[in-house]
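One chain comes next, on its own, written as structure tokens: the form predicted on its own.
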Amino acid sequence: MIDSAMSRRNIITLSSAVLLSVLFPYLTPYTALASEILVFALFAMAYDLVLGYAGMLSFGHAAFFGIGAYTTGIMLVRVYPCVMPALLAGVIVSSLAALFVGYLSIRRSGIYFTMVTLAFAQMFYFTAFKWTGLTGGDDGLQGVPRPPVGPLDLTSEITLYYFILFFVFLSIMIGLRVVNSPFGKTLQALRENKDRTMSIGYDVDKFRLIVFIISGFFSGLAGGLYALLLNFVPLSSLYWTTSGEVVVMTIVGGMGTLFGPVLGALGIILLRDIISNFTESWNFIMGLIFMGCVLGFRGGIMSIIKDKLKLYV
């Protein structure tokens, strides 16, 4: 009886979330803001696989986001204007970058792992900054087109929103499959007690590397969609502040919940847009909000929602 009530409550809540996401572009001040929230929700969800489930604090995930954005943009501008191959190239290159960075960094732990990932991200940033002929340097990659995908006209902001929403839904379904699989449960065991996980025979480094690559894959997808949204790729997409933003979104939303970072991205980007219309000191205000979230409810927004609605998702 109790389990049935819980199940009904979960179904109603998730159905409401799906309906809200469909209507969301009509509720925000402008459609592009809704699309930006979706992109960073996907990026934060990808990052949560590393931080929330595997317990690895990476400060270099902007590298995979930016590489996905630049690869997609370069394919569209300089190779062939076709969206799907460009997005595919973006996720492949960002996954390979995650393999490279992860292989050289996962043997470190704690602050050493964090600093190594940050160093690699800055290396990619300065490469893009100096390689002006390919990336546009400080000006970013300009003129990224939005060619149609079959009957879909992506120059329409509302069509682009639902195009991005499709990939976000698909990524969430894959993410749920990953975290609820034996692989995902092993990651959580690794997060809670690395030594015990090693003692029962698991190859910890292999699991950490695999989840790092999966996270890089989805981060690259978010970056590719970001390039389509902006019609250009800013150099800041590779900068360490972008890594910092996704860390904040994940912590505020709730680590290790998959849906929490989505809420974190929603709250932070929406608040940033609203506050920045009234004051130039919005960074300071956002910092205060972040401190309040960390000190007031360490489980993030998702923990409050779970407690209030008695959800088990």
Partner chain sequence: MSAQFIGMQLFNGLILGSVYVLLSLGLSIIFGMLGIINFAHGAFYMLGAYAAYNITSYIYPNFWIAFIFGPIFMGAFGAACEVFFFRRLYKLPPLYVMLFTFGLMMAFQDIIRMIFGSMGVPFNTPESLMGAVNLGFMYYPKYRLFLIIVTALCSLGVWLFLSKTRLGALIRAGTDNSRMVDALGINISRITTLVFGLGIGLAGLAGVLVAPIQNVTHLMGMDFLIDCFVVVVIGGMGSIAGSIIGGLIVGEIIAMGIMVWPPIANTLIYLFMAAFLLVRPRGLFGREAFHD
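Numbering follows the first chain given and starts at 1. Please read these numbers as outputs of a predicted model, since none were measured by experiment.
The form predicted in complex with the partner chain exists for this protein as well; it is not shown, and the discussion that follows is about that form.
In terms of contact with the partner chain in the predicted bound form, the residue from Val116, Ala189, Ile172, Leu154 that brings a heavy atom within 4.5 Å is Val116. Of the residues given (Leu104, Met198, Ile158, Val149), Leu104 alone sits with a heavy atom within 4.5 Å of the partner chain in the predicted bound form. Comparing 251 to 259, 34 to 42, 65 to 73, 269 to 277 against the partner chain in the predicted bound form, the single stretch with non-hydrogen atoms within 4.5 angstroms of it is 251 to 259. Proximity to the partner chain in the predicted bound form holds for none of Ser15, Ser21 and Gly184, with the criterion being a heavy atom within 4.5 Å.
When the partner chain is considered in the predicted bound form, Leu263 lies well away from it, no heavy atom lying within 4.5 Å.
For the chain shown alone, Phe284 is a contact residue for the partner chain in the predicted bound form, at least one non-hydrogen atom being within 4.5 angstroms.
For Gly244, a non-hydrogen atom is located within 4.5 Å of the partner chain in the predicted bound form, even though that partner is not displayed. In the predicted bound form, the partner chain sits within 4.5 Å of a heavy atom belonging to Thr127. Counting a residue when any of its non-hydrogen atoms is within 4.5 Å of the partner chain in the predicted bound form, there are no hits in 182 to 208.
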